[in-house]
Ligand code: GLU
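Below sits a lone chain in structure tokens, taken as the form predicted on its own.
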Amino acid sequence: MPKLTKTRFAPSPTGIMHIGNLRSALYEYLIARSEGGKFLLRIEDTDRERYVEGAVSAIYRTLETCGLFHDEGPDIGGPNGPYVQSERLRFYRQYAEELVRSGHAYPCFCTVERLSGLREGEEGEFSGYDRRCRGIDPAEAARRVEAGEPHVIRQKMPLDGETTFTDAVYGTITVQNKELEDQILLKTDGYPTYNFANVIDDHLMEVTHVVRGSEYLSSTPKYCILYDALGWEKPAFVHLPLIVGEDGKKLSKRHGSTSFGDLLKDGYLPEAIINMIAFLGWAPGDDTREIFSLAELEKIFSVKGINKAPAVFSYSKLDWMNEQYIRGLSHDVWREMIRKIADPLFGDRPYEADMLARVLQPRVTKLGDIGEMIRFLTERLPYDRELFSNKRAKLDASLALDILRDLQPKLESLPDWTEESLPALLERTCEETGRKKGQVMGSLRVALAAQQVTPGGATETAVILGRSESLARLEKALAFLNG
């Protein structure tokens, strides 16, 4: 009977959740869900010097916001806990000592000062740690350890031969063992190194697929040698392609927002971010669609669709995806999103949220743009006579003044200020005066907005502002044009 597929997301609480971290989490989640398996969360907090307060909470919050719910983890438990590495030190000590006893590891007593003074070997020779302590008699080494002499435990790499492994994305890879350093497994403080803790925890937690960035390919032979030394079955390795910006360079802050939190602050919807990240190195076979819900991805995702080529993170593509998700929101959900942004900007002044939502939904790219888009509604901007000039409509400030003088009493006496009554009044005004629609609408738009281009036309702007604010702005425009 085949093993139950189990993947793990094992972030270090050393900062914010970057795009690369989130992609790993997403692919690990999708591999598990697509194969009816389990997805677990493990917190790898053994790098105490880089620990950032609040980072664990940010990890939980990000996964929940994205809908990536785990089946085992520190917060919900599971059969193979604890799920925080700093609470698992006894396991690392146990297996490190077992490796020493079996001759696959050894205590190293070299001081930091000695190690920092080592020089790289000549070209073609081994470089790095010189394996000085590797030849110490095991009994002598055990005596020194028992006496309390500070030491680390290093892995004893084979000095000849080669190590071969197969990766689901990059295929078969072979490395000469002489190129592999005797890496540290357990540090002097009893904390494990990243590589060692990963092997121990992945095995004990029954992880079947190790999914991570391609930068870890070079570490994988060391993992394989550890698995063999411990007599354990190796998991499937799935290394993900590098994520680059549109300039072809590794994605970094110079490309813009690269963390999930920053993208949310910019106004991208979580669903759009997840959809975009899903395509950073994966394609859905013959399906040419680009918009997929998380539930749809859970059904169709396959490791076979992951490719080796660097994945390009395109902000223009993310913009397009975000627009599609915004357009697809129900009116009620969208209106509530708008209210959360607009209410503080309008303050105590009433506005028509329903109309504002309808005007913005087909025009907004990301939520972060809305504040500037509606600034003409939330603030009274200064006028300029040039704003009232429109060559195409044969409109200038003088004609605009006449039109607004004529409109003012009609608008003041309008019994119902609605999206039906306002257009009807303006249509009648055009018919009665023989003026073009563009002239009347253009004059009113600038009077209300103090800018020529707005999301929505003159009537929508008047409805959103309401009677009182609209008439006050009309009065102000007339005073300006009369001046």
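It should be emphasised that the depicted structure is a prediction, and the values quoted were computed from it without experimental measurement. Residue positions are given as counts along the sequence shown, with the first one as 1.
In what follows, reference is made to the form predicted together with the ligand, a form of this protein that is not presented.
Trainee: With the ligand left out of view, which of K222, H203, R335, R212 would have a heavy atom within 4.5 Å of it in the predicted bound form?
Mentor: Spelling it out, the residue with a heavy atom inside the cut-off is R212.
Trainee: Looking at Y170, Y194, Y325, Y129 here, can you tell me which has any non-hydrogen atom within 4.5 angstroms of the ligand in the predicted bound form?
Mentor: By the 4.5 Å criterion, the partner-contacting residue is Y194.
Trainee: Is Y216 close enough to touch the ligand in the predicted bound form, meaning at least one heavy atom pair within 4.5 Å?
Mentor: Residue-level check for Y216: yes, a contact with the ligand.
Trainee: Mark L474 yes when one of its heavy atoms lies within 4.5 Å of a heavy atom of the ligand in the predicted bound form, and no otherwise.
Mentor: No, L474 sits far enough from the ligand in the predicted bound form that none of its heavy atoms falls within 4.5 Å.
Trainee: Taking heavy atoms only, is A10 within 4.5 angstroms of the ligand in the predicted bound form?
Mentor: Within the cut-off, so yes.
Trainee: Can you check 276-284, 154-162, 403-411, 204-212 and let me know which stretch has heavy atoms within 4.5 Å of the ligand in the predicted bound form?
Mentor: In short, 204-212.
Trainee: For the stretch 34-52, which residues lie within 4.5 Å of the ligand in the predicted bound form by non-hydrogen atom distance?
Mentor: Heavy-atom contacts within 4.5 Å come from E44 alone.
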